[in-house]
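One chain comes next, on its own, written as C-alpha cells: the form predicted alone.
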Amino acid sequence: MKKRLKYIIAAVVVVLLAYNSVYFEKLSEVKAEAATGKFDAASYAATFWDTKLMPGLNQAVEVNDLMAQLQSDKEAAFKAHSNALGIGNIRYFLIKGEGELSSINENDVTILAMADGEQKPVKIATEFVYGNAVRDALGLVDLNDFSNTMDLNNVSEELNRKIRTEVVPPFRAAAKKGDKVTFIGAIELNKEHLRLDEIEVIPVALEVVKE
C-alpha cells in the first residue's frame, strides 16, 4: 500500500512539473511578438508620405465644392471622396483650398477659403495633430502590410509627428494675419451625424503665398 502511494505521489509530482514547464500563448499574441522589432513604423510612414501621399495630393477636393456636394447629395459625396479602412460612419476626406488667414490662435489657425464666389472659414490644426485622417484619407494603406493593430496605429502617430515637426513650424514662423494661404489636408466626418460647421483640417501642405 505504501509502495503504491509512493508511485501515486511521484506521478502527481511529474504531472505538476510538466504542467508548470509548459506555457500556452494565443496565436495572435505570438504573431504580434514576432513582429515586434521588425516593423519600422517611422520608415513605413516616411515611404508612404513620399511615394503615396505626396503624389496623391492632386486628388484633393476643393473644400467649398465638397461642402456643397455634402449638402446637396451626402451619399454621393461620401462615395466619391471619402475613404476608411473599416466599415462605419467615420470617413476621411482629402481637401484643399486657399484664402486669407483670418486668425492665428494657440492651437490652430483659421483661413477664409475662397472658390467660385463661395467663402468658407476653415480651421487648420497646428498643435493637436492626432488620429488616422492623414493615413486613411486617400485609401492607399494596405492592411496586408500589418500583422497587428499597434503597428497600424504607430504609422498614424509617425505621420502626425511629421506634420507637427516639419509641416507646421515653418508655416507658423512665417504666417501673419491677412496673408494668402494655400492648404491641403485631411478631415474626419461622421456620415450619420454630419456637422459641417465643425470641420478641422490636419494639414499635409500648408504655405503662405508670396506675392
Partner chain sequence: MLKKMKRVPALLLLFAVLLITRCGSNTGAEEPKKVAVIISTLNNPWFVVLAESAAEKARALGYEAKIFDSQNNTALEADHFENALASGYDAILFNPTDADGSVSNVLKAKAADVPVFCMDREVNSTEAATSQILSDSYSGCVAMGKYFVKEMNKKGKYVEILGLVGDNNTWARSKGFHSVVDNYPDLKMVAQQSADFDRNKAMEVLESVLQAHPDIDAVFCGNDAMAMGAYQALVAAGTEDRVKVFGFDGADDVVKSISNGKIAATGMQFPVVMAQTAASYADEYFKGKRDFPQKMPVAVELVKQENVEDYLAGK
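The structure presented is a predicted model; accordingly, all values stated were derived computationally and were not measured. Numbering follows the first chain given and starts at 1.
One more form of this protein should be noted, the form predicted in complex with the partner chain, which is absent from this view; the next part is about it.
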Check: Out of Leu85, Ala80, Leu140, Ile104, which one falls within 4.5 Å of the partner chain in the model of the complex, going by heavy atoms?
Finding: Leu85
Notebook entry, point to check: Which of these residues, Thr149, Thr165, Ser43, Asn58, gets a heavy atom within 4.5 Å of the partner chain in the model of the complex?
Noted result: Thr149
Next item on the list: Determine which one of 48 to 56, 66 to 74, 174 to 182, 156 to 164 lies within 4.5 Å of the partner chain in the model of the complex, judging by heavy atom distances; exactly one does.
Entry: 156 to 164
Check: Is Ile124 close enough to touch the partner chain in the model of the complex, meaning at least one heavy atom pair within 4.5 Å?
Finding: no
Item checked: Exercise: Gly131 in contact with the partner chain in the model of the complex, heavy atom 4.5 Å -> yes
Next item on the list: For the stretch 178 to 201, return the residues whose heavy atoms include at least one within 4.5 Å of the partner chain in the model of the complex, in the order they occur.
Entry: Asn190, His193, Arg195, Glu198, Glu200
